[in-house]
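First, one chain by itself: the form predicted on its own, in structure tokens.
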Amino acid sequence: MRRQTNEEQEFNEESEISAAGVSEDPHAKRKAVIPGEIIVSGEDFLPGEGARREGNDIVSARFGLAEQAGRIVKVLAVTGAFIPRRNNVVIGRVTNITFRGWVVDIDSAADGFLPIEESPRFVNKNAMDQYLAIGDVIAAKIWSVGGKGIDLSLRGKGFGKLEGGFIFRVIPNRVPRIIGREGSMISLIKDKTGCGITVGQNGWIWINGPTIEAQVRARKAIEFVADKVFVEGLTEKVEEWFEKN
């Protein structure tokens, strides 16, 4: 269903998610925790996602990374399936074309749907495959998640058809670590390899660089980060990795 005008205004007024995805809280502190482990004690703290209060304690409700930002304490999962949310950046593949738009596989329980109205330029309804064909890979933003499905949009910087390069997958819950605080980690990898990189919060990552070697190096660096989500001082370790590789 087409968005109403006030929703369009809200969408356009929100800060754009860059090609790297969303950034993390730069003031957050993290540690690995297991279910039932006490993260912090005191009435001043409030449990967020993945945490709960037990008496005077905030305890972990799952295995992951405990993050404390201000008074809020939450636990970031490091395993599990992608759960689509509004404003998520995703990478998907076009699987079907209807008279209203494109069906997109975003590696979720439900397919995404890109209405023709959500393309950034005019598209001829009689030649939609000239704009996006079955098999094309796109970066898009989720603007609605509801009972009828997941609606996508290409409006905004960095969204659209991804050409050249290649895509690969990581565990979706590790995407925030790959992006880094305020985009620091993915920016480091881009700078070191000279590659363009788009990170989807559904775990799919697109890399396009000046050479095959640069693209492979970027992928290995990202996989290095994904394998070490519990390590402190990871930025320094990635810099050391680049020096050795």
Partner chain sequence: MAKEHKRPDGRGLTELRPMTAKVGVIPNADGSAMFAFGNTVAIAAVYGPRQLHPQHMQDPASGVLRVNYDLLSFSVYDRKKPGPSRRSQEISKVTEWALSPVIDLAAFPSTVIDVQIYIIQADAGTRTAGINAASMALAHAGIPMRDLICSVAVGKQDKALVVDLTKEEEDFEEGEGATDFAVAKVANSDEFTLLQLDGKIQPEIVKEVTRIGAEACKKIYEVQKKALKEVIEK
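Treat the numbers as computed from the prediction; the structure is a model and nothing was measured. Positions refer to the first chain, counted from 1.
As for the form predicted in complex with its partner chain, it is not shown, yet the points below apply to it.
**Q** So which of 39, 195, 65, 185 reaches within 4.5 angstroms of its partner chain in the predicted complex, heavy atom to heavy atom?
**A** The option sitting close enough to the partner is 65.
**Q** Could you work out which of 123, 97, 72, 81 is the residue within 4.5 angstroms of its partner chain in the predicted complex, going by heavy atoms?
**A** Contact with its partner chain in the predicted complex is made by 81 alone.
**Q** Given its partner chain in the predicted complex, answer whether the residues 52, 109 and 169 all have a heavy atom inside 4.5 Å of it.
**A** Each of the three qualifies.
**Q** Going by a heavy atom distance of 4.5 Å, is residue 35 a contact of its partner chain in the predicted complex?
**A** Residue 35: yes, in contact with its partner chain in the predicted complex.
**Q** Can any non-hydrogen atom of residue 230 be found within 4.5 angstroms of its partner chain in the predicted complex?
**A** It does: once its partner chain is placed as it appears in the predicted complex, residue 230 has a heavy atom within 4.5 Å of it.
**Q** Is there a heavy atom of residue 201 no more than 4.5 Å from a heavy atom of its partner chain in the predicted complex?
**A** Taking the distances in the predicted complex, the answer for residue 201 is no, it never comes within 4.5 Å of its partner chain.
**Q** Counting only non-hydrogen atoms and a 4.5 angstroms cut-off, does residue 61 reach its partner chain in the predicted complex?
**A** Flag for residue 61 set to yes.
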